[in-house]
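Have a look below at one chain only, the form predicted on its own, in structure tokens format.
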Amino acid sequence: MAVKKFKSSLPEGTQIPVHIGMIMDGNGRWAKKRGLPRKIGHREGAQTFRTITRHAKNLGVKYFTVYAFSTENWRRPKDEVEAIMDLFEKYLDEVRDFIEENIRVCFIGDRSMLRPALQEKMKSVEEDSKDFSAMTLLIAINYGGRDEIVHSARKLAEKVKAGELDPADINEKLLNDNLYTAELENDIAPDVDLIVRPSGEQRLSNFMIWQAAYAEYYFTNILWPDFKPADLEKAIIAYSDRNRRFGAV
């Protein structure tokens, strides 16, 4: 497969975020505007995902987390959920395309509710890409920020119950070290620097609420299937122009 020549319009000296979180929103509305089934919007959104992931890597982003399916998304119509899962499984069959990109693929979230075949493919992709180093792609599936914090608290509670941990020793670092983003092999994903949300909505929707404590936010009215590499660069330029003080003066 021929690799397209990389082009960037970022000004010289632009600060690239180490970790970007992307809320891929607007697939259904994109389809509705065109009189199409919502699943067609998800299909187009999947194409955008591939394009933007590669562009993020080429720009030098080291961690790129995408919100693929939330714990709340199970409330959607059954046929839409099935279409999303079918697309996700198809993507896992095609993810070998990322091998030449040197992108490590990891998954965060509760896998227990996913199809067994899907879980096996996820494990296989993680294993096959574990040594890749150009960028780490984290795909959040059946993921919720509150659920992630509960998951960490439960792990710490089990250690307390087993006598391995004193409750007085529980601190931010320990909680952080037991989040889904800390379960990467030989790695802990750093806090998010920039969260981007297309579609016009201006909220986190339960996405990485712990890791985004000091993140910068960038919202745009563009629906996800229409989101282009140039739009990612606009978000990064906006990020680079901000003064991040982390509570200091």
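Predicted model, so just to flag it, every value in this text is computed and none were measured. Residue positions are given as counts along the sequence shown, with the first one as 1.
The protein also exists as the form predicted in complex with a small molecule; that form is not presented, and the subsequent description refers to it.
Between the options Arg29, Lys62, His55, Arg43, the residue in contact with the small molecule in the predicted bound form by a heavy atom within 4.5 angstroms is Arg29. In terms of contact with the small molecule in the predicted bound form, the residue from Ser152, Thr136, Asn73, Ser129 that brings a heavy atom within 4.5 Å is Asn73. Although the partner is absent here, Tyr67 is a contact residue: one of its heavy atoms lies within 4.5 angstroms of the small molecule in the predicted bound form. Residue contact with the small molecule in the predicted bound form: Ile84 places a heavy atom within 4.5 Å of it.
For the chain shown alone, Arg203 is a contact residue for the small molecule in the predicted bound form, at least one non-hydrogen atom being within 4.5 angstroms. Residue contact with the small molecule in the predicted bound form: Ile23 places a heavy atom within 4.5 Å of it. Shown here without its partner, the chain carries Arg38, Glu80 and Arg197, all of which come within 4.5 Å of the small molecule in the predicted bound form through at least one heavy atom.
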